[in-house]
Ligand SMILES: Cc1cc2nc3c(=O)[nH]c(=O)nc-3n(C[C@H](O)[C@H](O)[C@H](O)COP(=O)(O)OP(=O)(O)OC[C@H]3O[C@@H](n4cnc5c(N)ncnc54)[C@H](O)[C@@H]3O)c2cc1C
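To begin, one chain is listed below as structure tokens, in the form predicted on its own.
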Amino acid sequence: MEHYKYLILGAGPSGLACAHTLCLLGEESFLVLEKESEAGGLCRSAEVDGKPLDIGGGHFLDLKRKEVLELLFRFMGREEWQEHRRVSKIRIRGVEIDHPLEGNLWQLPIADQMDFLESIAKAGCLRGEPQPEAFADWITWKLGECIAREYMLPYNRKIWSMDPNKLGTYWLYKLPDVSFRETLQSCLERRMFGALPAHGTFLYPKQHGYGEVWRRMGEALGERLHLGEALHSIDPEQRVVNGRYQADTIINSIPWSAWTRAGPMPDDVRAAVGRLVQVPIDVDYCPDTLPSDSHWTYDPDESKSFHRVLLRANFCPGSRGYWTETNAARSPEVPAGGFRHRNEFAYPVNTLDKPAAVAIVRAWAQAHGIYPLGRWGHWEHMNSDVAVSLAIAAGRELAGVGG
């Protein structure tokens, strides 16, 4: 039996950032276990058609968090990254306009602008109507009937492949406020008003895929990272993993459903894990280079299987082609000779009862010296920079370092 102070399950951005934070603070008694043959989790890359392709979907490094940049630049220096001003599009009414929709309606024909403006002006939130609890009703109340019907509701049906009213509204603080005044002003002055979305400016490697920085971080851990070691068995009471590794604290960044197959768990906790929902996403590559300057494009058209297109040639130098991201339940057959990577665990789903289920799992985990971390520990969608920032904070907390 090998004993460690900390045993980290999963070598995605969260697990890697937490491990390196512990290491930088002088902690030596830790080990990271990863089931895949390479570190990086959903941020891994592979060479496809001669250039990198991010097999976990589109991931980019936001510039907002200083502590994240300082950590990642230790392994891939700033000079290895190219800075991009975000160009993202929405395909709507047969044309592409810049994202976000409400800030760029002026790019549509006048008659279409009037449709959306009238709809926003009639939104329930602007008319003093009470806030609905059902997701679909909330979207219409918040954004107006046109944006709900033509963009938000079909897009959410595509990405989650479920009735939107099975989703809660507790997470919708992430959506921008739609100001009728700012939307009207943008249409009159023909320029965007309002806040830019996440990744307004972002970094992407000059010579590699996004997975390179995480691969290097894994490599730098040396013998403290065991690749190709999935979770086969776990004793939560003694914190023993795979009959070989025992820890004072287990830091969990892998899906909780893996735990239900690996060891004992109280019935109420097992039931709570069973209520947690995720969607698998297929990443499909196409060698055609599209005539657009967009880095990625959202497409709510439900006659198309995919919900997003990533135009690799516009952010990965010297490459061609694009990839699509599709809920696996909607995916067509892979064309002969085509490339597809399926991520069984891609997006946590914000179902109505998710907060209650997560609370049950977290309470049990914390009572057993198990520390939840990252997208799957918290069962919450988060960009990689957010995951790293939270992991740095977790590492500092666990090491007893304030600030």
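What you see is a predicted model; the values in this text were computed from it and never measured. Throughout, we count residues from 1 along the sequence that is shown.
The protein also exists as the form predicted in complex with the named molecule; that form is not presented, and the subsequent description refers to it.
Engineer: For the spot marked by P52, G209 and F315, is every residue within 4.5 Å of the named molecule in the predicted complex through some heavy atom?
Structural biologist: No, none of the three is in contact.
Engineer: The named molecule isn't shown here, but in the predicted complex which of L143, I254, M217, I251 has a heavy atom within 4.5 Å of it?
Structural biologist: Contact with the named molecule in the predicted complex is made by I254 alone.
Engineer: Name the residue from E67, E27, D353, E36 that puts a heavy atom within 4.5 Å of the named molecule in the predicted complex.
Structural biologist: Contact check passes for E36.
Engineer: Given a 4.5 Å cut-off on heavy atoms, tell me which of 266 to 274, 230 to 238, 146 to 154, 297 to 305 is the interface stretch with the named molecule in the predicted complex.
Structural biologist: It is 230 to 238 that comes within 4.5 Å of the partner.
Engineer: Tell me, yes or no, whether K158 is in contact with the named molecule in the predicted complex, where a contact means a heavy atom of each within 4.5 Å.
Structural biologist: Result no; K158 lies far from the named molecule in the predicted complex.
Engineer: Would M382 show up as a contact with the named molecule in the predicted complex if we use heavy atoms at 4.5 Å?
Structural biologist: Flag for M382 set to yes.
Engineer: Just to confirm, F60 within 4.5 Å of the named molecule in the predicted complex by heavy atoms?
Structural biologist: Yes, F60 lies within 4.5 Å of the named molecule in the predicted complex.
Engineer: Can any non-hydrogen atom of W364 be found within 4.5 angstroms of the named molecule in the predicted complex?
Structural biologist: No, W364 sits far enough from the named molecule in the predicted complex that none of its heavy atoms falls within 4.5 Å.
Engineer: Of 1 to 32, which residues get within 4.5 Å of the named molecule in the predicted complex if you count heavy atoms?
Structural biologist: The stretch 1 to 32, when checked against the named molecule in the predicted complex, contributes G10, A11, G12, P13, S14, G15 at the 4.5 Å heavy-atom cut-off.
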